[in-house]
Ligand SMILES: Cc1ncc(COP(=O)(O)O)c(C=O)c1O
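Below you'll find only one chain, the form predicted alone, shown as structure tokens.
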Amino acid sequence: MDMFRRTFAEIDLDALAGNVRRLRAALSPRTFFCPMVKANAYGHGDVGIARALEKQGVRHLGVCLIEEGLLLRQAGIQSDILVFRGFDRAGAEQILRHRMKPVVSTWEQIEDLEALATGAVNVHLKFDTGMNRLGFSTGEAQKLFDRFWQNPKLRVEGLLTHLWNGEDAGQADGDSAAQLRALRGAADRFKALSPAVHALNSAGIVHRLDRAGEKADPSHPLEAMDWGCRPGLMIYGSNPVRPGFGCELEPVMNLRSHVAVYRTLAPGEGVSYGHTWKASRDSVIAVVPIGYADGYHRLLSNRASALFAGERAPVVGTICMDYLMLDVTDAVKKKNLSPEKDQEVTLFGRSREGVLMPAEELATHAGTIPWEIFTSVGERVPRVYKGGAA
């Protein structure tokens, strides 16, 4: 596609491969491993990311919606696709027709699958251990086992839960530890079926990695069994606990644009709607063609910074639907640059000069989380893939 506006999300598949490789190297080859590619792969482009993960030998991929799974199948993705959202009978029919694996949370879903299945179907049973959103009660574990034992149509391939506070997974008496104990208790009822048992999201995983080596303690709930992993945010290069904790990660998405035009302001002159920022000195302002319609939150007005020629430049004035403005006065002076219209700007990610603008920093300024920063990048921002698997 021609790009008349040079604003794009550069997706670094080598960075993705490195993040996944470092993670898998720390896990047993037998560990259930299901990267999450829901929500357009957290804004990174689900088809492109799924293809890259398949090339790395990933066998399971996680989506929320049946529609997301159908899109991957239409694109030729062959990996097992787990559908985590609930479904009705019509949804069950599509899941079975397109060889997806249902995550089952209700007795009605079991009945729908049994009514439609023409052969043995592998399912994953979800237990609600505290999220209070989806899943069976752990008190139903024996009843569920009895339903599936020697069931000719349905086989339990996996058991799972969802950590509601994975950031505390390193604490032996924390909320996550209580959830893991509850799931292990339910899983004990299913030992005869040998299912995979998966519970660790990105936060749980990085705590597990942090506890390797000298910190290892088999009595800790996090290490009491080989918990399956469903990494999401971390494979895209963002650490949900803190940078560097557990493992080093590299950002996969670099949100880039270019300067459209420069403006010079005298002291007292303002820029953008409402003149919420006024120059206190002679200033050079770069107008960059990206705005809140592209997912760069208006809340970042007069708070965030971007990378201009490898230097931090503050976002000034109110962010518009299609544009934002940077005060590049210091960067121009420091590097003795003549303002050039096509100067690249990195809104988050790593600049060409190797400087990092963390998505986590933008999330803090916007009062949100990095998940929302990534998934907010809109559809009119092209995803441009680079790297050996592109």
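The model shown is predicted, which means the values in this text are computed figures rather than measured ones. Quick note: we count residues from 1 along the sequence shown, nothing fancier.
Although not depicted, the form predicted in complex with the ligand is the subject of the following passage.
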Partner proximity in the predicted complex: Met36 to the ligand, non-hydrogen atom cutoff 4.5 Å: yes
Ser202: touches the ligand in the predicted complex, heavy atom cutoff 4.5 angstroms: yes
4.5 Å heavy atom contact, Arg133 to the ligand in the predicted complex: yes
Exercise: Leu233 in contact with the ligand in the predicted complex, heavy atom 4.5 Å: yes
Candidate stretches 351 to 359, 327 to 335, 36 to 44, 52 to 60 - the one whose heavy atoms come within 4.5 Å of the ligand in the predicted complex: 36 to 44
Contacting member of Arg73, Arg208, Lys153, His162, with respect to the ligand in the predicted complex [4.5 Å, heavy atom]: His162
Of Phe84, Tyr292, Phe190, Trp277, the one that lies within 4.5 Å of the ligand in the predicted complex (heavy atoms): Phe84
Heavy atom contacts to the ligand in the predicted complex at 4.5 Å, residues of 103 to 129 in sequence order: Lys126
